[in-house]
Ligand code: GTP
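In structure tokens, one chain follows: the form predicted on its own.
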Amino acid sequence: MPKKDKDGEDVKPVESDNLSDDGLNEVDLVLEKLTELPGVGEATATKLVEYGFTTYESLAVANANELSAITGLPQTLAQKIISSARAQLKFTIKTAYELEQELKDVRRITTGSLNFNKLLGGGVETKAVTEFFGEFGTGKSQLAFQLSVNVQLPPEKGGLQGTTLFIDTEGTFVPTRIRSMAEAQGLNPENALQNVYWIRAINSDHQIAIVEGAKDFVQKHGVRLIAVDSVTSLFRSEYPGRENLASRQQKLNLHLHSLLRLAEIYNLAVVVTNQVMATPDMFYGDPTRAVGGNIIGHTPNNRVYLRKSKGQKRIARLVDSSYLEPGEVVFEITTQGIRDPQE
């Protein structure tokens, strides 16, 4: 007879050869942890593991409708499981003092430029989404490359000793650039390349699916930076015209919030690059605006507008942040990477 759990459901056996000191294999340890959540019996835990929900973090970032559709669990149970996982991770009502203490866990990745770091309050921060937007050739991809290298540095050098998940939507990724930047930072270039996990998103649905499925990958591979270059390109090409605007914005909104949830739960940094478009009815000031409208305007925690200056110099202007002062600095793109300009 099949084994029954406390809810009377059939339990499917799951095998693993990796045993802990207690004689339990890795899967058993995961199942045991999940069954500590209210409403989760062995059969339900097994089903969750089968569909990749192996940690409280992976459940906390899930959507009840999606979890129910994927696993076949009743939606009320799916919501109960998600709420329990969030409670375990202390995603509950808390005092401002408790929040202040949690924010001390925020870390920063150096950009390679002291000027740029100062603009961002010390570097690109974890638990946040940072957007770099500008015209072609302003250094958006170069910044994504540099941060993919710098995140591997030890903390005393401005890194997090982590890896990068690089989502390439335009085919702009250049491994040789990672190599040269790594050499300039004193890193082994082969190791640096091994620590950047690259994937090409072929359409917007694929791009969304990559992020939705990244929760386990992030933990397994020590990812501390997710870079999306660029975040709006595929959405823009697949949903042209005003008649598709609502659908595009809804999908883009969900995608950005999925990235933000990953940043908050796993204490990692998310960097997205974005294109710009001209605003023909703009008579005063700079007529360029980031693609994505209000959705892209409100979701990122920090937004930086990049534009060209003389030679290899670039100007970075912090246009929006929840706590940083707006400002503008000059940096330079060199053969070694992002640096302060040499006068």
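Numbering starts at 1 and runs along the sequence shown. What you are looking at is a predicted structure, and each value in this text was computed from that prediction instead of being measured.
Only in words, not in the display: the form predicted together with guanosine-5'-triphosphate (GTP), which the text now covers.
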Using a 4.5 Å heavy atom cut-off, which stretch among 122-130, 96-104, 203-211, 141-149 contacts guanosine-5'-triphosphate (GTP) in the predicted bound form?
-> 141-149
Three residues, 197, 215 and 267; all within 4.5 Å of guanosine-5'-triphosphate (GTP) in the predicted bound form via heavy atoms?
-> no
Going by a heavy atom distance of 4.5 Å, is residue 329 a contact of guanosine-5'-triphosphate (GTP) in the predicted bound form?
-> no
Should residue 240 be classed as touching guanosine-5'-triphosphate (GTP) in the predicted bound form when contacts are defined as heavy atoms within 4.5 Å?
-> no
Does guanosine-5'-triphosphate (GTP) come within 4.5 Å of any heavy atom of residue 177 in the predicted bound form?
-> yes
Looking in the predicted bound form, any heavy atom of residue 183 within 4.5 Å of guanosine-5'-triphosphate (GTP)?
-> no
Within 4.5 Å of guanosine-5'-triphosphate (GTP) in the predicted bound form, heavy atoms considered, which of 35, 55, 63, 312?
-> 312
Taking only heavy atoms into account, state which residues of 311-343 are within 4.5 Å of guanosine-5'-triphosphate (GTP) in the predicted bound form, ordered by sequence.
-> 312, 314, 333, 334, 335
